[in-house]
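One chain comes next, on its own, written out as structure tokens in the form predicted on its own.
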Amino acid sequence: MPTLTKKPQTRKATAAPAELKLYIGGKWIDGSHDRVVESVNPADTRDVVARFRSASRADALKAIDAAENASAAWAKTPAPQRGRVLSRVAEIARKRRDELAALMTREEGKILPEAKGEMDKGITLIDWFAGEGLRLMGTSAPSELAGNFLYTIRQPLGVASIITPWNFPWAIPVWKTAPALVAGNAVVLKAASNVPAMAVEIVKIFEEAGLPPGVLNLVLGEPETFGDALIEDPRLKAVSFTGSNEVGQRVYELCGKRGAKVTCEMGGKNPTVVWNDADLNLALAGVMKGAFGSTGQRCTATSRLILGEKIYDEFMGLLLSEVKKIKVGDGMDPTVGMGPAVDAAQLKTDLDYIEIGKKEGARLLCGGGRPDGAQLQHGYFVEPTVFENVKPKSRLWQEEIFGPVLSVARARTFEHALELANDCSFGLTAAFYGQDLTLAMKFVEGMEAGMVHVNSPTIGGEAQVPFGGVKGSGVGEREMSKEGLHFFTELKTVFLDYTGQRRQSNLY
């Protein structure tokens, strides 16, 4: 008998769940493992969104086979033509934007305006990388030898494995897949098991846009059903991973052992400093969006708040007033400001850390439990939560929760604020609110993070600039922008003696 996972205890009458398949070599096929996985609506677990039979190790290897067989022809396709396929992908996605945003809300839980925003961001990323098909350029340099042309070119790697999380089920798969494809690689995409319906729709869009069979393959399933096949196989020349630190470190280790290119975008425990001369209303809006947007389920979420002593009491009064106004519920309801945790495991993590904070002596100011209401009883809902008097060495201050839990500390001086901000093993993003340009620049220079915002929230990124962190937040090259494209290429230097005469030189 098949093993059924993620089965809700009770269900309401809904449309039959979508029966999903893997996509290998241009064909939609059932997974061959006996495990059947269901994804449910986290706002109402009686609503089963989709069901699929998990991939086995054999399926994962077939996907790599298909990608390998398709990679040579795709690599020879001129880069501008590859870019035009992406342009068609963006056009199709733009037409389906509202439909896909609604699916995202139902499957992942974020409120509909956030889902629409994610759709827009992903489409912008596809547009940008489509243009890179016309800009996949090398450089030229003057040679020390007469009659020589010295230049570089970028070539595809071959087959790339892309492993994506659940919290941005549209944007992250496309910001990894688009540069890999426009660079001329074939791809095996492994999407998170609790957002499979969106992954299938992504692949359908690429298929409709005319991507040749085998160039993009989709594997669905729990990792234990196919092991490390999408990391260890020697045919995989690059692995791009976004997820937890524990898994990311293992991915990095396994790829390092065989010399494969790898980038791992992992966790964050991002600080926002609101200094004494800040525009408090601007800072308040940024903290609210950063801490409680997407239910705190962003690697860039604001999870640590550091306030100057002079504005501490005033800002905390404003903050708590706004937090208490947040309506928690189904993201399809336009009056709701925060949706559910994505699943039971994440809800448990949120609630466990709230208890940890209490035991560590932090002061709970609001939230701290599950909200009341008959309409919420079947969802994974948690209240937006704020702690103060959080000790810098505590688990609440140091460890990523990935939920709507904000830890607050006060700073005596600017130097103390920067010290608190840096006192963490993560270094993805940070924000500073203040009017003193000198202090803002000192924060930019002194902050140990891959991305720094001044007078804007910790969240967000743009297609044309790199995305990624330092310390425990990331290893390997950055994503998005040209750095994200270059990761999926090999750089080759060419020495061309156009005179046809062999010269002796003492330069080497």
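Just so we're clear, the structure is a prediction, and the values are computed from it rather than from any experiment. Each residue number is its position in the shown sequence, starting from 1.
The same protein also has a form predicted together with a small molecule, omitted here; what follows describes it.
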Residue 472: touches the small molecule in the predicted bound form, heavy atom cutoff 4.5 angstroms: no
Using 4.5 Å between non-hydrogen atoms, is residue 154 touching the small molecule in the predicted bound form? no
4.5 angstroms heavy atom contact with the small molecule in the predicted bound form for residue 114: no
Is residue 459 one of the residues lying within 4.5 Å of the small molecule in the predicted bound form, judged by heavy atom distances? yes
Name the single residue among 291, 299, 188, 431 that comes within 4.5 Å of the small molecule in the predicted bound form, judging by heavy atoms. 299
Selected contact from 242, 71, 177, 225, since only one has a non-hydrogen atom within 4.5 angstroms of the small molecule in the predicted bound form: 242
Looking at 281-289, 169-177, 92-100, 348-356, which stretch has residues with any non-hydrogen atom within 4.5 Å of the small molecule in the predicted bound form? 169-177
